[in-house]
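Shown below, as structure tokens, is a lone chain in the form predicted alone; questions about how it binds or moves come after it.
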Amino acid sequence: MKMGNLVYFARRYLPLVAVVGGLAGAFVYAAGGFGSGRVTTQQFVDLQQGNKVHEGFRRAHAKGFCIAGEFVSDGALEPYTTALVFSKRTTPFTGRFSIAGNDPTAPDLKAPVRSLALSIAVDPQNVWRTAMNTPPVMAVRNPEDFYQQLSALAPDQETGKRDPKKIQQFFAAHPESRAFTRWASEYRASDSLATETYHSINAFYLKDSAGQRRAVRWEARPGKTEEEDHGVTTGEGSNVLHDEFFRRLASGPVTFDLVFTLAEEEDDESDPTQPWPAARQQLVAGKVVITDASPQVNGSCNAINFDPLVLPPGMAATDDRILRARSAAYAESYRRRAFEHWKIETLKFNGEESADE
């Protein structure tokens, strides 16, 4: 990328890159930090939550709402995996739509990344959780670089502004980010959460009955929608995406096709910065049918940790360092907000108010 393009990217798409950290959580090793010990799980989550803590909310993608419905599998993946969720069956799910950022009151249309998370449980031993996002790839391929990326994008403590030179230097030193920056320069947000495409970003393995495994990525592609103007782009207030989705759902279920892309031998499943060729085989595993939505406060999704390493038998994680580093930060974020919920409820019980209310 030429320096002029780097400057343009830095100015126009900084907000998008800055919240890639909100793709599902901070990326650190389950041991509590990077191999060098320079950054701990706690420090990474501290960086994500920022100076103002919104008690009881997720540290990334704090604003969202719960959804529920059914995953209708047509059995297309049965030759590749023993996971029951992909047998020919219908399985209920609990999920969540969200926007990037740590502020649960942020304006919907200001967020540069949108997410769809699902928890699909055939039974307690067969649970699949997936956290999908609008970007198809990451900007970097390891946790250390990701932390440095966020640090480069962080505003100066004195001026409150980002340093374009520091940002340019970072991306110039990371040519692996080209696919992400190209996507960022071309991406235009949809008028509705129901009409976005959401990507797994990281690759996973499907494992068949013979123990053979195949690397895959997947995406949730919007189903057919009515050509109705729901007024989201001209709507007022902070909750236009939320309000549009609830109005849309009142007219009938919202659907997505869950499309799996199968890797070939030359595809590096451990590198989340590289897209796979468009010619790769794709299979529609089934349909996500959303029939209900509710506020996240006290909602069914609020207590769920959408850790993408919660996988059923028949699926497995790849050696993607970022993917395999996510669970520790998910757990730390969950631990913090669980404690805060307990504190808030204790204060209410004692007739007091929390500092964040």
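Residue positions are given as counts along the sequence shown, with the first one as 1. All of these numbers come straight from a predicted model, not from anything done at the bench.
Note that the form predicted in complex with a small molecule isn't included here; everything after this is about it.
Partner contact region in the model of the complex: 125 to 133, out of 125 to 133, 183 to 191, 244 to 252, 69 to 77, criterion any non-hydrogen atom within 4.5 Å of the small molecule. Contact between Val288 and the small molecule in the model of the complex is not found at the 4.5 Å heavy atom cutoff. For Ala293, no non-hydrogen atom is located within 4.5 Å of the small molecule in the model of the complex, even though that partner is not displayed. Taking the partner from elsewhere, Met315 is found to have every heavy atom lying beyond 4.5 Å of the small molecule in the model of the complex. Contact check for His199: a heavy atom falls within 4.5 Å of the small molecule in the model of the complex. Of the residues Phe146, Phe256, Phe86, Phe260, just one reaches the small molecule in the model of the complex with a heavy atom at 4.5 Å or closer; this is Phe146. Not one of Thr81, Thr91 and Lys207 comes within 4.5 Å of the small molecule in the model of the complex, counting any heavy atom.
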